[in-house]
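Just one chain is shown here, as structure tokens, and it is the form predicted on its own.
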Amino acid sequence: MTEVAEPRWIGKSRAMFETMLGEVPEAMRPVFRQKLMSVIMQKANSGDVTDAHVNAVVQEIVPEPFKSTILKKFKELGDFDINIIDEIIRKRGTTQDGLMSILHDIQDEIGYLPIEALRAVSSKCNIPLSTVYNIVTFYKTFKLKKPGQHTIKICNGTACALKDKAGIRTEVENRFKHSLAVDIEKTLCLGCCDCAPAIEIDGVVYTGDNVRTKIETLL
């Protein structure tokens, strides 16, 4: 099969294409990539590919239940420029030896590792998605969830546990455990045992009533 030239992607069309391709078994993706690319280029009259073009292809040629699954995933796409991934892979190469560097670079640029980004890396580097996902979930430094606007680190050290008579650590954790805007992390000693219990909020350590005062500003 003649390889189809890469089009110019507009908006989220590239991320949508990779999401659609992600529903195809890994072994068949190289063939389907070319077939689907050809159909989309026809839909776009060999011009720029937009979100509408990819959506139309899914609506017209993808059978159920895959169609509903893909359309649902389209609604969940993150707000990031997938062209960033092209630039990183161009710099790092497509070998599996460079995979860790690619993933770190993507996270540095986007702030986390969206599943659409992992699918794109898998397709472009010809590395099974399962391999990419296993690496991302094995190393705690990688984040699959979009970071919240604020980060709270709760000290799990012995001093903080013993001196937290007012239960402020539990209070903070319960208050934000369902919040999408605040990330809660439990960490080792923050090195502030003399003023325990200590809680770090957006890089600054607070203690006692100062914690309560600060968290009021996060709501």
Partner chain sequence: MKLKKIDDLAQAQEQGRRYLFPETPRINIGTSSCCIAKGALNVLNTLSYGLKSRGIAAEVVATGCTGFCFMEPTVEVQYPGKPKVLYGSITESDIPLLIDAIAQRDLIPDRAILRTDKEEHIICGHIAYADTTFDAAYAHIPELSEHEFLKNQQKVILRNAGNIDPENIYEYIGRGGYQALCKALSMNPDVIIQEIIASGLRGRGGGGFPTGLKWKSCKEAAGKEKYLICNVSEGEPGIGMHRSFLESDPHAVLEGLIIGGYAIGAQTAYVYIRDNYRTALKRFTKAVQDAFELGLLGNKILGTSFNFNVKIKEGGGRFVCGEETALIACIEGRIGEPRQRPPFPTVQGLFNKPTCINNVETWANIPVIIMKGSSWYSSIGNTGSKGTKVISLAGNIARPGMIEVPMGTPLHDIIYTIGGGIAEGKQLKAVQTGGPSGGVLPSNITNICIDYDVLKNAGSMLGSGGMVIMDEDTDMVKIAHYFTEFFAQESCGKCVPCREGIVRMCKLLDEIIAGYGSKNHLDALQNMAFPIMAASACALGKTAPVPVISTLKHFRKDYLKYITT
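Positions refer to the first chain, counted from 1. A quick note: this is a predicted structure, and the numbers were derived from the prediction, not measured.
There is also a form predicted in complex with the partner chain; it is not shown, and the following applies to it.
For a residue to qualify, one of its non-hydrogen atoms must sit within 4.5 Å of the partner chain in the predicted bound form; none of Asp86, Ile168 and Ile184 qualifies. The closest heavy atom approach of Leu188 to the partner chain in the predicted bound form falls within 4.5 Å. In the predicted bound form, Trp9 stays away from the partner chain, with no heavy atom inside 4.5 Å. Of the heavy atoms in Cys192, some are within 4.5 Å of the partner chain in the predicted bound form. Looking at Gly98, you'd find a heavy atom of it within 4.5 angstroms of the partner chain in the predicted bound form. Interface residue among Ala52, Val39, Ala159, Val62, judged by heavy atoms within 4.5 Å of the partner chain in the predicted bound form: Ala159. Picking from 115 to 123, 67 to 75, 129 to 137, 144 to 152 the stretch near the partner chain in the predicted bound form, with a 4.5 Å limit on heavy atoms, gives 129 to 137.
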